[in-house]
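Next up: the same protein chain in two forms, each one alone, written as structure tokens (structure 1, then structure 2).
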Structure 1
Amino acid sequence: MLRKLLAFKLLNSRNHDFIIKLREILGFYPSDLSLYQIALTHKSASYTLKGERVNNERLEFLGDAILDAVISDFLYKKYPNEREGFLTEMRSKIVNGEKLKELAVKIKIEDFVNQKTNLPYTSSRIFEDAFEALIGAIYLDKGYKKVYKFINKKIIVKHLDFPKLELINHNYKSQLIEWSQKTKSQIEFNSFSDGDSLNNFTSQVIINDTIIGLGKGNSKKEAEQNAAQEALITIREFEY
């Protein structure tokens, strides 16, 4: 009985600390604590809840989409005179693996994530996944308006430098991939080396078995950038 009581107190004190720490990160008190516990649990630290193995993968699926929606709304309103291409590019500068990892560290969830892995490749996605899952948890716990406010107040205003983001160099391959994601098109890059001469790399961009961009360069990367740039021009001309 005493042991049970002690365990109960310990559990409560652990939750107490968890709630206080969450309050710092979120700016509000969570209602359904279990959602946040799941959000901060990497697959490697899965646990059993009501007979099901749980971790943050499902919440990450949800949070990823919610984050995209909020960022899209924000950009739509922030840049009323910019065209869709600019908005898509800006969104991809914010919602990408590296940036999300950076944001996860900035809002200080890194030593807050339950994980039991030391794999270097995996660990690089642990924080961005937890960050997206946290967005999913807030959305389910408090609704769309509240998660919008959280993202605006705690992420956008505090940690995003828009003049700097606008200036990031154009990466044509990224733009093309972003376009393919937006339009659900399947693009392929075919690259090959064609001898020892200068400009000896050739790259093709292919959609539906049609070459829509062709580029040459001194490296595979350069050839791909040139092919992607040509493909983007083709796309704009023919309004794929």
Structure 2
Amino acid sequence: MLRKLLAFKLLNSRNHDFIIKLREILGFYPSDLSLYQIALTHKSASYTLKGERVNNERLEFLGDAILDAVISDFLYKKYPNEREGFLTEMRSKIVNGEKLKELAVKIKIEDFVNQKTNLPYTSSRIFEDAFEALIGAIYLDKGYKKVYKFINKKIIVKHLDFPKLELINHNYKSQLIEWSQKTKSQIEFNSFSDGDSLNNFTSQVIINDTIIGLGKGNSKKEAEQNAAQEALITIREFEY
């Protein structure tokens, strides 16, 4: 009864259409609509509320951590006999930028993202960021069990093909080195440790004294893979 009353109240608000679309995407009615409005507000469309600059960057930070936790939990249970390296690689295939942008489009949130940039649709990180921010909003609004259910039901079951993912080569450093050999481009990895916290390794991919990829990780190897992945995305944007 309480849920129906809440839905009725929401449906009679001035945000009727937005709420209906959110319900289709999420599978439930939001309790705190403002969280989802913020999640879909890119920094280019920031606004001021009570003296504070509002956009989805903080929710993106939170959603990134929650998504990692949920996917890690799922993979740990799905592959009980696989080693840590395999699980880490599978997770990276799911939570990398290109895949998250693809998932954002598949669940149809791109039409609701508030942004004011001239970035090309195919190369923009806006939808990747919005997807992670949406995860953060669900977590704050409904809690871990609800966000786990959303990711499992709306993302994993509907949009992830695990046999196909297992075959994908995500050795980004190897791909980048192969590209450099083909194009006779000199690339350099500048990797270093910057503290004792998580993700304490940083790696930069440098071409012609320009940093085209930046990555962090719990090890030098992971940081270099993440930096190589970003460098490949940068290269493809310039090529196309």
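Basically, rigid core = biggest C-alpha set you can superpose within 1.5 Å across the two forms. Numbers follow structure 1, counted from its first residue as 1. As the structure is a computational prediction, the values presented were derived from the model and not from experiment.
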Quick one: identify the form predicted in complex with another copy of the chain, either 1 or 2.
1
Rigid core superposed, CA of Tyr36 - does it shift 2 Å or more between structure 1 and structure 2?
no
Align both forms on the core first, then report whether Glu57 has a C-alpha shift of 2 Å or more between structure 1 and structure 2.
no
Does the distance between the two CA positions of Leu22 reach 2 Å or more between structure 1 and structure 2, the core being superposed?
no
Upon rigid core superposition, what is the positional shift of the Cα of Glu188 between structure 1 and structure 2, expressed in Å to one decimal?
7.7
